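The chain that follows stands alone, in the form predicted alone, written as structure tokens.
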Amino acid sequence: MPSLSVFVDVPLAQKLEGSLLKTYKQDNYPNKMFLAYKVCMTSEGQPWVSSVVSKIRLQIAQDPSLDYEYTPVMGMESFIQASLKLLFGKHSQVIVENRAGGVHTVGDSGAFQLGAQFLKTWHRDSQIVYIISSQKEPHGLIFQDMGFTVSEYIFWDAEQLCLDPSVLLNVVEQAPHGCVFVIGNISNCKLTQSQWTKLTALMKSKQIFPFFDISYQGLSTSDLEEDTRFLDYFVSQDLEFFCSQSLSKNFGIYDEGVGILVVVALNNQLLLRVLSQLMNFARALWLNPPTTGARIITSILCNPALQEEWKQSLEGIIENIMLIKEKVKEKLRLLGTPGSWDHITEQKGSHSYLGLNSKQVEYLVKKKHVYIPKNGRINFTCINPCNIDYITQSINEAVCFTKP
């Protein structure tokens, strides 16, 4: 008698956006191009890695003093402290008052998994989560699996071709008391001083719990402090919050999944209570976090000379991104492409919206073999001197040929 599989009723999961890369790989066209890589790319078309990272990785591999013992459940303490100082600045109010802490996690998804588990258990008054960012984020799946009611919003205004901070304020005004707000890429939204004041006041009066996503520190402006300065507004208003701090992209350690879940509480006693509960959840989720990437980052952040070398590498890649965007805009202008393309250079960071509609995106993919996401948000580091002419000519063609 044949055995009956316990998996017989398991359906295939719905395909995610990652299928774009699969379609690209199956395309036999010789000049195909993929502009949706998550990581920063070099002009040679390879993932960017900070030069100092490669040097430190080699030193660690040859260090005879390392015993590779299991780390504590909390993770590497030196890595956590170095990460907190990078996020807030070593003289920050929360650092001085010892009311910021963290748990070493398995990347940023691990931080959200850990944070969601805590909120599910200890934030029972409201199981409603709002996720707002410059693009659709994967965090929603984590909160949905935990049983939260999730609503998602995007800053990008496709009509005005800009990131609109009023979207965030409008959603906060409508949100129910005590809900959780997951906010990504907020540093790219140019909120005024009065808007920051209004936002923090609304969150405080409604007891909304913020959960920030910091995954590109230094890769928006090359100024590490500027990219996280908005946290000062929340600290100054005595707002407690979680923060997923991913350090994979800004060091170029993509396969290491390096990050921490940051906790800011009103005082040290409350902080220790939260961290103790998070340790229990971490013990059940992964027990001990990986350390190779954390060792590399700690070595760099704790050495002033190495940290300066790393900062210079960030400045170099940001300068390159700005140059690429300027060239793309200028080439589209010279081609006479209809519309204004100022929005390309007005956006910060490696990933920005082209401002194309669905028909234009479809034209690029099917007719020109230029693969970009449906929302038109591309990785500008994928554009280099070898492909920029073909890409800009393809965009011009897509815009001209799909006009009503």
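Bear in mind the structure is a predicted one, so any value in this text is a computation, not a measurement. When you see a residue number, it is the position in the sequence shown, counting from 1.
Only in words, not in the display: the form predicted in complex with another copy of the chain, which the text now covers.
S.K.: Could you work out which of A175, M279, I95, I154 is the residue within 4.5 angstroms of another copy of the chain in the model of the complex, going by heavy atoms?
M.R.: By the 4.5 Å heavy-atom cutoff, the listed residue in contact is M279.
S.K.: Within 4.5 Å of another copy of the chain in the model of the complex, heavy atoms considered, which of K90, K190, R333, R283?
M.R.: Among K90, K190, R333, R283, a heavy atom within 4.5 Å of another copy of the chain in the model of the complex occurs only for R283.
S.K.: Hey, in the model of the complex, does C386 get a heavy atom within 4.5 angstroms of another copy of the chain?
M.R.: Output for C386 is no: heavy atoms all beyond 4.5 Å of another copy of the chain.
S.K.: Please run the contact check for K325 against another copy of the chain in the model of the complex: heavy atoms, 4.5 angstroms, yes or no?
M.R.: Heavy-atom contact with another copy of the chain at 4.5 Å: absent for K325.
S.K.: Residue-level contact is defined here as any heavy atom of the residue lying within 4.5 Å of another copy of the chain in the model of the complex; does A36 satisfy this criterion?
M.R.: Heavy-atom contact with another copy of the chain at 4.5 Å: absent for A36.
S.K.: Indicate whether F230 is a 4.5 Å heavy atom neighbour of another copy of the chain in the model of the complex.
M.R.: Contact check for F230: no, nothing within 4.5 Å of another copy of the chain in the model of the complex.
S.K.: Among 290 to 298, 166 to 174, 303 to 311, 217 to 225, mark the stretch whose residues have heavy atoms within 4.5 Å of another copy of the chain in the model of the complex.
M.R.: The contacting stretch here is 290 to 298.
S.K.: Can you tell me which residues in 166 to 194 come within 4.5 angstroms of another copy of the chain in the model of the complex, by heavy atoms?
M.R.: Heavy-atom contacts within 4.5 Å come from no residue here.
S.K.: Might you say whether the CA atoms of F143 and K136 end up closer or farther apart in the model of the complex than in this form? Their distance differs by 3 Å or more.
M.R.: It is closer: in the model of the complex, the C-alpha atoms of F143 and K136 lie at least 3 Å nearer than they do here.
S.K.: Can you tell whether D342 sits closer to or farther from K136 in the model of the complex than it does here, judged by CA atoms, where the change is 3 Å or more?
M.R.: Here the pair is closer than in the model of the complex; there, farther apart.
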